[in-house]
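Structure 1 and structure 2 below are two forms of the same protein chain, each written out on its own as structure tokens.
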Structure 1
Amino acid sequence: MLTRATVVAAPTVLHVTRETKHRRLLFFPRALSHELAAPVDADGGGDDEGGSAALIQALDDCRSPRTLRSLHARLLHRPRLLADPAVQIKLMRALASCGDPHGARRMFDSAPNKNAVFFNVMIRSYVNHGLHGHAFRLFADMSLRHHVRPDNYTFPCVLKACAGSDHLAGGLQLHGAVTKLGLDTNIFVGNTLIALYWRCGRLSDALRMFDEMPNKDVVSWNAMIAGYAQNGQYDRAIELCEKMVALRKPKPDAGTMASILPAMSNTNQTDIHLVRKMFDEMGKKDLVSWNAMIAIYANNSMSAEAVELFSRMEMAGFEPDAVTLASVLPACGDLSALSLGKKIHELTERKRMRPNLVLENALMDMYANCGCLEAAREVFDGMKRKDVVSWTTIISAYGMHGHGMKAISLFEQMRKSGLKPDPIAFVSILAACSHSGLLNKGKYYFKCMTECYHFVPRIEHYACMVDLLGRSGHIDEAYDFILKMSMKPNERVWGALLAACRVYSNMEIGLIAADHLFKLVPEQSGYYVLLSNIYARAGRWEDVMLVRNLMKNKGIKKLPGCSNVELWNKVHTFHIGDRLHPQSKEIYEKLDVLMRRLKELGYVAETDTALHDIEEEDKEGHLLVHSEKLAIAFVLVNTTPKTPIRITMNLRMCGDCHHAAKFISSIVEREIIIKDTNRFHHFEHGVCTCGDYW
């Protein structure tokens, strides 16, 4: 064990050794012992045998340069111990794992009799630090200059260097050498060759290697699964995973979880269940397997499951790292779980995880999606380094909060900073223009994207443009735009057009859009509701009934609207006319008082929007108890003045609630931030950032 004295003593000893010109003596103090001032006991050690064992153990466990310096200093007092090649190798390994491969090399050079283990450890140190050239040179020297034969430990390492530097020719040569030495049946060599072939795009070689391996272990399977997953052959990856689970041998492990991960974005429930089962049955879970499972949930819009697993992980005693947190943060944003998001932010500060680009981008996104635009901006401004993802995140944050011009100014700042926007950055700026009704700016960026940056528009860009044109009332132009598209329009494209047709009561084109949508996504209730709204506005009640019956016959139910509020670390959910909340009485009383005051100020219910609900004959009374209003009243009952009101909805905000929220924000002098499925509405002093345009 380390004592305070050893830690304090270390720099002095190091200072002495650094000053000596006989650098090689540094590592072999047997010759140096007479020069050292420190007392050395009769056997050349300093402690008893137990002390030596502890010292060696500490060397194995050492991960920080500071601890290593002190251990190294202690070893200099123990010449006999340090003369042991096993200790020298441990010290080399420790130096490399503390980030000093060149220190390990000095140690390596000063060793008089080097066997293969010395070379293997040194080559591995280089490879682990990405110093592939150094690794190749040492490998060549090993046999040519030092006449030490590479063994089954050497080849996996050098092959890894080939894979890491896309050096297929070298890999093929090594494969030949390995076969001559009869090492091609070695499982470690075989597994590394599989990874090398995948890395170099040689699918058939990887497959042959795998098929011909006499003994396959879990790493061989994982390497194949990872290969398929990373090369976009998701079905093959999952198939192989299923096969392994069915065979029960080898048993999937933590590595299997990580290997399958790339194949698990936007996948189906069956596959997610398969992987979850694998995860639950896994003997030994490590941090990577927890991270992979959380990421799988997060990447499949299963935010609640991701957050739940995160808390189970902490209960199981695992400390989350930056990778864990960067996976959970988007889930927090999705659920508007601001208190958890803030806790994670504090954790990153406490554990000094910043600067970390990916983590900071995720933090910024979490704040933006929880409605805290200022907090997101603070993270952005505090970042030492920013990449395209950082800029895209803040641009989209301003965009969805209704600050289109700020989004544009940031987009221009990004370009000036020398960063090239990518296609996703263009989606974010087009969406920002659309949310703020900046038609000409949006058209300019679409042109800029195709003509200056030569990006071929993706379906997402088309959907943004249709939204932009339609929302600003140019329905015919939007429809023409769709007809001229170079690809088949999808649900989002037609959905944007239909929504615009509802706003501008365009029956003719609305019917065309609805027709396409019913073919594309026949089960999606939202589009039936939109169509019935269009009919209702036109007073075509028979057609409204027709749509209602159509839904009934198909068994399609309208998604009930609900509003969520986070208070006291708990999410409170409200539905229309809800009386389930324990504070229901106070909530309705508050609402009553509020609405009376609203009417005094000239509020008139927008019964027009009541037509959104096709299940009920919506009258003013029904509008009064919409979930948004209940949620606002709930926060007013339970919080002190000035506290912002943050609400998240599962549908688009209704027009009457929007109208009422403007009045309420000025009566109660509070900021009201409502996140609907489309954007954020910030109400303050009777005005909304969406400018009533949404």
Structure 2
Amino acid sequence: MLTRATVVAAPTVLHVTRETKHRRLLFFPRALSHELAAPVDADGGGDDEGGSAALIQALDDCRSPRTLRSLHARLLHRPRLLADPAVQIKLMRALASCGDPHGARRMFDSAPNKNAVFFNVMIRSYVNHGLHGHAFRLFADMSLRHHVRPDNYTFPCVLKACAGSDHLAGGLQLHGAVTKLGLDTNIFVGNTLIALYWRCGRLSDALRMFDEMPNKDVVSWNAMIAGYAQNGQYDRAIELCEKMVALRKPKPDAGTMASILPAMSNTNQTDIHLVRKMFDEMGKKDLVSWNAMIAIYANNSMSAEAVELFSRMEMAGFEPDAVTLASVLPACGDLSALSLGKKIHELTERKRMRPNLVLENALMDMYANCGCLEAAREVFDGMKRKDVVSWTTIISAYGMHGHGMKAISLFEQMRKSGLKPDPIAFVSILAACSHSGLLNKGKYYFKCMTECYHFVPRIEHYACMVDLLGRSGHIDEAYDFILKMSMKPNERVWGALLAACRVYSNMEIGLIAADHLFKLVPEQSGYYVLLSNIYARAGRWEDVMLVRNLMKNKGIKKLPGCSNVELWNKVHTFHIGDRLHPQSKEIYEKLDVLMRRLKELGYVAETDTALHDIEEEDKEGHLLVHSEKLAIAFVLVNTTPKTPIRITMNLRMCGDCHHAAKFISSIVEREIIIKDTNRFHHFEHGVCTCGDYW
């Protein structure tokens, strides 16, 4: 029988209340002790019908191999009860549920009189354990050797085996057979045929099956939505989901949430709002639906929403599983929500969720994104098994934090371990070389990737190389590299070149890069700002105004800079010149004191990148209230000495704030860790780990 588990991909955890657990703990011992106490007559039968009923009920509820062995032993002392076909079927189901399909087969073979139910249970046991060949052979024997006629429960099981093994030819034969028997209108058969066709890439056949079904339930809709989503037709999956919501019958369930999940990566706000509406209107939510909604937010860079929903889930009484935690951890990293990340880490230890490769990789990535490189390395070193993702994550972490040589050392350790680096691993090592100015090493690894591992460079590799060359001041070489690319450069490639032109004030190539960018992404404000910066550095204020007027005429607004700080289990957000925070008065007072001390030590505001053709004093005042400085002052007001300051930004850090942060770290004797959109800056004792190379 096709169940919702056919479509639902994400694992879940049954929500069991403390009371329910207590009752179960009491139930099993009583049932077993009652059975042991029951008298046994000469032929092994018991005279206690209540004991037999308790034993059978315990068999239905059994999910533990150890408990099942005890129950089976009791049954062996009651041959008359064990000879009952209904009990034999229950025992087969219990064996399969406890992970022993071969034990279920031994029970099946020992049964003298087998009807269709025996075959259905055994075939389903094989399918659920991925033993599709065994399922096909038993299905063939069902009619040929045992002369038992398949029914409307048999065919969905065998069709599911065809879907699981991509056995389209067998599925087509079965479709013909069910049509002849008039079972093609059966809802379970229809649902399984939909799943079979989309798994084999026959979406048109799946849709025809869906449209021709006289009755559809929520599983039918879920199967078709999953078909579109799994085959990359995301728009059609969302359209079908929208239609389902509009019809209001059947109502979406957890399976719908799991089915639409693959279509919800990097999507638009309208689609996310649709799925959230669907989620909110679900009558009964289970862990799968919560997991799916959290993952959708996390996959669309809506980290605050993901964390907020995770908190709501816990308040609703749901216990998170490994899937939940692996979904919310990236959001913690994006927000630098270290306290929540640590809480999740403690939860994984308390519930003994490790080893779990996906969860451990997510923990490592969270610590790295929160600026805790040592904690990330501890997770990495404590992993019993590491895959390429594990190595890539830690290599990327060291690269983002400016430790290029350590990243290279780890990359070489991965190669020596026998793991073959994949294209993403090469992106990480190239980016690490770029962040640390390791030009020759970067060139070596690009050549190694193409000549030793024979990977065809992707656009990400080209962007890293342009960034590496540009940061090193080789602007002309970077431009020539772009012209020789084997594919058309995208906005990331031209953007890396334009950023380098801003740093080195290369007007000529900067204008070429900007021209390409304005054609590729005419609405992207960041590139207009970069060009404005190039003009501003050259003192060409008329051109600055031309760019600003162009942005105004096109309705393009500069993305406002903001800085996030986690304190008291809450994320506090600051914008430039922000006075909305309840502690604004104290923040600005602290900032005034800091700036006076900075100037006493020789700090001079870097006003050359200010975008306004205004007096120097006004430029300095504009730089003073940047969001990074406000966030630093906020943490200083509210924390004790020596407490590290952790800030996450939505833009690149400006030169003046970088300059000021070095002074502040020396004055207040604290480590300041700032994550911008490109890398980490660790300020300590007046020095930044980036070596002013960013």
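None of the values given here were measured: they were computed from a predicted structure. Take the two forms, find the largest set of C-alpha atoms that superpose within 1.5 Å, and that set is the rigid core. Start at 1 and count along the sequence of structure 1; that gives the residue numbers used here.
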Mark the structure, either 1 or 2, that is the form predicted in complex with the DNA. 1
After the core is matched up, is the C-alpha of P489 off by 2 Å or more between structure 1 and structure 2? no
When you overlay the rigid core, is the Cα of I394 off by 2 Å or more between structure 1 and structure 2? no
Superposing on the rigid core, is the Cα displacement of N113 between structure 1 and structure 2 2 Å or more? yes
Core-aligned CA shift between structure 1 and structure 2 for R145 (Å): 8.3
Please give the CA displacement of A104 between structure 1 and structure 2, in Å, after core superposition. 5.0
Rigid core fit between structure 1 and structure 2: Cα deviation of R312 in angstrom: 3.5
